[in-house]
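For reference, the chain that follows is the form predicted alone, supplied as C-alpha cells.
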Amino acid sequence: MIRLMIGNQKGGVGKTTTAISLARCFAGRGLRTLLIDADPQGSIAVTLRQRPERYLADFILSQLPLEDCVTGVAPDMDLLCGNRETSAMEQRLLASYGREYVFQKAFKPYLGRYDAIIVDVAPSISLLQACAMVFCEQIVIPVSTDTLSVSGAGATILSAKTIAESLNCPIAVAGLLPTIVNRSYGLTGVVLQMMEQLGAAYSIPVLPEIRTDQAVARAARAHQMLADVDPRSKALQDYEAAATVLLKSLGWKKQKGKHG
C-alpha cells in the first residue's frame, strides 16, 4: 500500500495542487485512492468546491464510519475534507495519550479499502503533521523555485528525522518535487541546484519537475482537477511522470486480477 504525506514548512509551493494531482494520477491507474486534507485551512474542499456533511474532525473525534465522511470526487478516488474544525480537533488531541498515533489508529480498520492514501498537511510544524508522518511513513516535499521553499524543505526533513528518532518509527522522504518550474527565470537553475544538493545531503531523490502551466490556474478558477480541465496539460504530464517514479520507488505492483 502507498501512503504519502505532502508537506513543506513553506506555503505557496503548490502543495495542495500536488496532493490533488498525485491522488488523481494514482486513481487514474486503478489504485483505489483516499485523499485526506489535514490542513485547517480546508484548501482542498475550497479548491474542488466540496461541501460535505462530515469532515476529518467528525471522523477522528466522533469516530464516525469513514464511509459516512468521505466524498467520491473521481473514479477510484475519495476525499476526506478538512475545515476550520481541524484546528479545534488538534487542540483536543494535544492532551491525549499517544497523540502522534491518532491517524494510525483511526484509519487502520479501513486500510484494506484503499491502495493509496495521500495526506495534505498545513505548512507548519504541528501535531497533525506529526500524525501524518507517523501514519504515512513516506513524505513528498513540493519545492517551488525560490530559496525560502528550499529552506522549508530542509526544515521538513529535520522535523521528520526528529519525530522518527523520538518515536522510534520509520519515516522517510520519498522525494523532493520541484514545482512551478520556469527555466526562463535566472534564479530557477540556482534553486534547482540547491534542491539537488539538499537531496544529496540526505540521500533523497529529486523527482521530475512540474513546469509552470496556465492550466493550473484555470483548474483552480473552475474548481476542478487538472485532468478534467486539460488532460493534455504539461503540468499534468509532469505529475504523471512524478507518479510513475514514486510508484516504482515505493515498490507498487498491481496485483493480478485487481481493478480489472
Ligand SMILES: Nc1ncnc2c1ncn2[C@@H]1O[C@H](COP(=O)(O)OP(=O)(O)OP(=O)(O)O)[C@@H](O)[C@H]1O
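Predicted, not measured: the structure shown is a model, and the values here were computed from it. So that there is no doubt, residue numbering starts at 1 and follows the sequence shown.
Separately, the form predicted together with the named molecule exists; it is not shown, and the next lines address it.
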So, V102 and the named molecule: in the model of the complex, are they within 4.5 Å at any heavy atom pair?
no
Tell me, yes or no, whether D230 is in contact with the named molecule in the model of the complex, where a contact means a heavy atom of each within 4.5 Å.
no
How about G154: is it within 4.5 Å of the named molecule in the model of the complex, going by heavy atoms?
no
Flag A242 as yes or no: does it have a non-hydrogen atom within 4.5 angstroms of any non-hydrogen atom of the named molecule in the model of the complex?
no
Given that the named molecule is left out here, which of I180, I163, A106, V173 has a heavy atom within 4.5 Å of it in the model of the complex?
I180
Answer range among 187-195, 25-33, 205-213, 60-68 for contact with the named molecule, defined in the model of the complex as heavy atoms within 4.5 Å
205-213
Of the residues spanning 85-109, the ones with some heavy atom within 4.5 Å of the named molecule in the model of the complex are none
